[in-house]
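For reference, the chain that follows is the form predicted on its own, supplied as structure tokens.
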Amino acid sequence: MKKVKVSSIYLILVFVLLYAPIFYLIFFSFNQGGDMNQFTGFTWEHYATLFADQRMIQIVLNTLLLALLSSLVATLVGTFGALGIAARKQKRLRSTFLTLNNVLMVSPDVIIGASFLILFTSLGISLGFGSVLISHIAFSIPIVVLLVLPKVNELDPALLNAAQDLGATRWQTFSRVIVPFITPGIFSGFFMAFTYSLDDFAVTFFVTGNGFATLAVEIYSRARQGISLEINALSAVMFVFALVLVVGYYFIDQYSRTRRQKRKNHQKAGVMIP
């Protein structure tokens, strides 16, 4: 009993340590005063200022578009990459590809950003939305591979053999057997890539150009000029947005689990469902 209580208290302290700064920031986003020294009264003024700031709204839309496009492309490429790694017959070759993928995962963002900056400069590619998009796709692909690959490895080869014995083409096997089975991994990879792209700063800071900025870079630039509670309001909005994403992913995952469990139960009972 004591161990349970101690572990529970420890977890509570950890979550308080993680979330206290966020809620402190959100709390002062409603402060009538102009700083975070003392709460003088409740107001929506900073949120009104935020939504009236056309530049900030445009930057938020650019950041969301960038995250959506990069995560979609990275999910597509990463999924086929995971399938390609899993299809390698030689264990050493498969381990080599996986190691190369993991090296990109643990490489410092500063090194990745500087490398892309040198590459784009040497190729004469102008810095802007395109350079940032390519960079985000590149560092998101290893994340997708790492999350999709375990689901691919769990796929029973007997399912593929059964589909082929029943006359399914390669495309039908892929679309009706492989993809439904690894869908949870694909969704996990997409949401993780989306999150990484949304809050990336180091890589984006190196490869962004004049006239284009993401949310992280803009917040950094404004924070250097002094404390503005508009940033608090923006951070609160983005926190709520991230919370909605997490809750949405949770319900999608629960639905997927429930559907797979129903399939298993029907198969055990000898009933086929579409």
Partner chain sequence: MKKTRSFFMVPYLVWIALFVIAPLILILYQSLTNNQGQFTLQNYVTYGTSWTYLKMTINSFWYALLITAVTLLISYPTAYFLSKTKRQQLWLLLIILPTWINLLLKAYAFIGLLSRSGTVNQFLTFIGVGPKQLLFTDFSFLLVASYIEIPFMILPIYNAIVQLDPALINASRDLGATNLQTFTKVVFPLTISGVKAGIQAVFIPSLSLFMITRLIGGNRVITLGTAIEEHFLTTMNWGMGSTIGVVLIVMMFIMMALTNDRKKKRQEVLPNEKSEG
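In this text, rigid core is short for the largest set of C-alphas that superpose within 1.5 Å between two forms. Residue numbers count along the first chain shown, from 1. If you're wondering where the values come from, they're calculated on a predicted model, not measured in any experiment.
The protein also exists as the form predicted together with the partner chain; that form is not presented, and the subsequent description refers to it.
Residues Arg170, Ala223 and Val246 are all found to lie within 4.5 Å of the partner chain in the predicted complex, as judged by heavy atom distances. Using a 4.5 angstroms limit between non-hydrogen atoms, Asn232 touches the partner chain in the predicted complex. In the predicted complex, the partner chain lies within 4.5 Å of some heavy atom of Pro108.
The shortest heavy atom separation between Phe212 and the partner chain in the predicted complex exceeds 4.5 Å. When the partner chain is considered in the predicted complex, Gln38 lines it closely, a heavy atom lying within 4.5 Å. Taking the partner chain as it sits in the predicted complex, the stretch 58 to 87 comes within 4.5 angstroms of it through a non-hydrogen atom at Val77, Phe80, Gly81, Leu83, Gly84, Ile85, Ala87. Once the cores line up, the CA of Leu245 ends up 2 angstroms or more apart between the shown form and the other one.
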